[in-house]
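A single chain comes next, written as structure tokens; it is the form predicted on its own.
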């Protein structure tokens, strides 16, 4: 009976919850009060990787790690951050703008599929900066990439976690350094 349970468990999907800690960026803070809205799709984000035969192989939960990343970097970029549960809630907070990130695409490359000795993760985001009334200030795409060599890890789950964590750190770095360089953001900041 135990052997049969082991065989059945081996046939199931492997769950991976992306974890890690993110540093606060060392950049000059913009004198802004920003509301941050994480919609349900971001909070609950997961990605399922399928085998070549169409069976679920890995279920990667990374919603909380995206929130942890932004909660680490945004206070280093702006004078004040307010987390809101809805766009409606942002209206009464007296904020300069609302930041609402969304994940558009998540890709995973596994070493035994690519024949490369590394795990790789790509994430494509839609970054949105809005007024408190919900009108667009800026809307841009940001991508991130992370990889990790296979020899570093004993399990696929650990390799996937590290590649995803690396991709998130890549996003944190590029976002904090390039935010004010986004043309619409730059124009909005200049008009204030």
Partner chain sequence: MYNYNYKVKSGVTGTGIAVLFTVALASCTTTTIDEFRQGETGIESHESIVILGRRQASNYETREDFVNCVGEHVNQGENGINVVPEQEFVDALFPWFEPRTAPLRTQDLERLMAESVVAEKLDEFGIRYIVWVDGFTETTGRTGSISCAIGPGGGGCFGFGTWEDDSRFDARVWDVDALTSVGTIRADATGQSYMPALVIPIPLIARVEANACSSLANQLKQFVRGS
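Numbering follows the first chain given and starts at 1. Nothing here was measured: the structure is a model prediction, and the numbers come from that model.
The same protein has a further form, the form predicted together with the partner chain, not shown here; the description that follows concerns it.
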Based on heavy atom distances of 4.5 Å or less, which listed stretch (57 to 65, 34 to 42, 127 to 135, 142 to 150) is in contact with the partner chain in the predicted complex? 142 to 150
Name the single residue among 83, 118, 87, 103 that comes within 4.5 Å of the partner chain in the predicted complex, judging by heavy atoms. 118
Answer for residue 13 alone: is it within 4.5 Å of the partner chain in the predicted complex, judged on heavy atom distances? no
Any of the heavy atoms of residue 27 lying within 4.5 Å of the partner chain in the predicted complex? yes
With the partner left out of view, is residue 19 within 4.5 angstroms of the partner chain in the predicted complex by any non-hydrogen atom? no
Would you classify residue 73 as touching the partner chain in the predicted complex, given a 4.5 Å non-hydrogen atom cut-off? yes
Residues within 4.5 Å of the partner chain in the predicted complex, restricted to 165 to 192 and counted by heavy atom: 169, 170, 172, 173, 174, 176, 177
